[in-house]
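First, one chain by itself in structure tokens, the form predicted alone.
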Amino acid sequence: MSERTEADTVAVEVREAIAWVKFNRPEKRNSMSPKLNRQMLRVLNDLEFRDDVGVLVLTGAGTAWSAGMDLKEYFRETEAQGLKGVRHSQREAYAWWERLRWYQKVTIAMVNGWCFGGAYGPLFACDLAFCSEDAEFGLSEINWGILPGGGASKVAADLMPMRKAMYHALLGETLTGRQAEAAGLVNEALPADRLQERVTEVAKKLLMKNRETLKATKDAMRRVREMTYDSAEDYLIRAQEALNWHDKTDGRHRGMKQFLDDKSYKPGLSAYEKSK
């Protein structure tokens, strides 16, 4: 087929407040090229503050999620431009991974096939992750003479137990979806024909919750991982105070009213009713 245009490297569809964003280079197993990285940042920028989007799902067209960085376009061709080209291509990739990590909306990785190397960056950037049982995860860099860079080693070290992460990085062997679940890379592994249904189910549950609180909570969970207990305690107190003022829907008091006065819901079992 003819080479894809930059705009065609990412596909987007918004349905019922869920933005389905797809890596769209199935002929290259959705490997990330400079074109794709630039387009992904545009897509994320466009969707982030849209009122009709509450949850973003990142998945892949065809049989792969992403095979990582495109060896020809991302590595060989940019290296031919010298350090300037290398740094430029790195910044284009890392820019959208960082944006996704601190995104305004809750994000879900729906891993429908290969997830290798550089793909660990956006995998970690998503707040939740679900995969098919037949998905394959791998840090194959050791097999061709480089280390798992671009944050991949950090992702493995953060999400996996130390011994499992070390084996994963040193041996370059792949993990099945079930093994990835056991290692902590994803929340759940499901039969392929159940994957989208389960992700949709989770997304709809998230849509029922207060958007401002979701954003504050996901940020807090990422921040406190690198804090001492005392620092985290202080941060969370201040973050809740800020949320009380920032949430224009006054969800905190509406929730308390529905529980204490109206007796219409129980906090431990469901979300408060946003429309009341």
Ligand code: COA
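A residue's number is simply how far along the shown sequence it sits, counting from 1. Predicted model, so just to flag it, every value in this text is computed and none were measured.
Omitted from view is the form predicted together with coenzyme A, to which the following refers.
**Student:** Could you spot which one of Lys35, Arg211, Arg29, Lys218 gets a heavy atom to within 4.5 Å of coenzyme A in the predicted complex?
**Tutor:** Checked against the cut-off, the match is Arg29.
**Student:** Heavy atom within 4.5 Å of coenzyme A in the predicted complex: which of Tyr94, Trp102, Phe75, Tyr167?
**Tutor:** Checked against the cut-off, the match is Phe75.
**Student:** Can you pick the stretch from 111-119, 156-164, 82-90, 179-187 whose heavy atoms fall within 4.5 Å of coenzyme A in the predicted complex?
**Tutor:** Looking at the other structure, the answer is 111-119.
**Student:** I'd like to know whether Gly60 contacts coenzyme A in the predicted complex, with contact meaning heavy atoms within 4.5 angstroms.
**Tutor:** Taking the distances in the predicted complex, the answer for Gly60 is no, it never comes within 4.5 Å of coenzyme A.
**Student:** I'd like to check something about Leu171: if you look in the predicted complex, is any of its heavy atoms closer than or equal to 4.5 Å to a heavy atom of coenzyme A?
**Tutor:** Although coenzyme A is absent here, Leu171 would stay clear of it in the predicted complex, with no heavy atoms inside 4.5 Å.
**Student:** Wondering, does Ala192 line up within 4.5 Å of coenzyme A in the predicted complex on heavy atoms?
**Tutor:** No.
**Student:** With a cut-off of 4.5 Å between heavy atoms, is Met69 one of the residues that contacts coenzyme A in the predicted complex?
**Tutor:** Flag for Met69 set to yes.
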